[in-house]
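Just one chain follows, in the form predicted on its own, and it is written as structure tokens.
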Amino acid sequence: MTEIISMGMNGKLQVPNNPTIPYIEGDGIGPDIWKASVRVFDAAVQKAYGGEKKIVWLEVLAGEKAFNNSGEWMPEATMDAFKKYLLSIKGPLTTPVGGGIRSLNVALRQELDLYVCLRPIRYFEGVPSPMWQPEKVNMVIFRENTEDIYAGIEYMTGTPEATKLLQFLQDELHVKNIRFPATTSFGIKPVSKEGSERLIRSAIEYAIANKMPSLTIVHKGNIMKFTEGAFKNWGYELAVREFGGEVYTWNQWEATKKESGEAVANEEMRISNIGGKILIKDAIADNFLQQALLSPQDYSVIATLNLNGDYISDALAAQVGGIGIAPGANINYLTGHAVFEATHGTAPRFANTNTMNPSSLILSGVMMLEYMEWKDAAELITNALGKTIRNKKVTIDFYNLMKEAILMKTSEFADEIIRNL
């Protein structure tokens, strides 16, 4: 009998003991890292629950494997399975060249309305890093996943659409600052109040549930006042309106300090958890990228729009060792739908070599287990992965950057994690 994860009336996932979860092994190195990762997942669930719980894996097709089998990059049956079973996990997928789907990942996020791209960034002791103190990086990024540049509204110069839009801007809205109108392409950046609020609401709820010290709204509102600036303003208004008893805004903190005559602190860890509340603050995107290098300990949960989130998540991943060890998820907290995924590309020239690092996919599976509230299994994997890296038994990417390391194949790396569970 198929057991299906569902969303309960209380807004919480209802997870049976033997849930069916679809997976896409992915293109390029996808099959290698999936074979390694799934063994780790199964071993951890078995060890944590002694056979009382088990995931029933259901393969569905997308990407090159789907195209070679059916002529479709994203078969309808795959999308139907993702909708039916709520949770799924996938390896990296090829972006089709030429016509058709612009991006398989974007298509999934739009179709399932996965409005949160969740990217936790943390350091594992022993991982090679360009940073002096990478252990200070411990952030969770909530990146808006359906608006901004992901809406895909753009028109190439010379097309009838671009010409029509140019005429509208100049004739109807009296726009004067298009410097080279004859050769200008256009992109439209939609940012809604509803889209902003649901993203920031999810981030605040996460910060409260996980007792994180602060939430920072990262934006470029000094330039784009009615999109990025509105995102910031809507976020503050939401925080006060819906979470007033659980959060403290930076302005409130400044006012309190001025009244008491104390200097306003700038280091988050000295001012966090004010009266048990979460500090809500904001940062201009370019300044945040600087501060994330200089004072990463001052930030914990980040809420931002799509393009900023893209830059930030990859930049922070580099600080802790690269996207090879950075997990990701795309989630709709209202419907329960979630797709967990490796955050790196397909690396086709390394396909079938059994050499690549599966950590991104393994840690994405940890995120999935945490989302399911199977936290014992998730913690076993996290600890075992950390121990394996500390023991310097690593794949080629880390091996080339570490002294006295032991080179492991992808499958051997998984074996070592399982031994360390």
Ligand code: NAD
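Since the model is a prediction, treat every value here as computed from it, not as a measurement. Counting begins at 1, following the sequence as shown.
The same protein has a further form, the form predicted in complex with this ligand, not shown here; the description that follows concerns it.
Taking the partner from elsewhere, every residue among 92, 343 and 357 has a non-hydrogen atom within 4.5 angstroms of this ligand in the predicted complex.
Exactly one of the stretches 122-130, 334-342, 180-188, 147-155 approaches this ligand in the predicted complex with heavy atoms within 4.5 Å, and it is 334-342. Contact between residue 244 and this ligand in the predicted complex is not found at the 4.5 Å heavy atom cutoff. Though the partner is left out of this view, residue 195 does not reach within 4.5 Å of this ligand in the predicted complex, counting heavy atoms only. Among residues of the shown chain, residue 216 is not one whose heavy atoms approach this ligand to within 4.5 Å in the predicted complex. Residue contact check for residue 313: none of its heavy atoms lie within 4.5 Å of this ligand in the predicted complex.
Among the residues 307, 79, 166, 347, the one placing a heavy atom within 4.5 Å of this ligand in the predicted complex is 347.
Taking a 4.5 Å heavy atom cutoff to this ligand in the predicted complex, the contact residue among 238, 323, 212, 140 is 323. Annotation for 17-32: the only interface residue with this ligand in the predicted complex is 29 [heavy atom within 4.5 Å].
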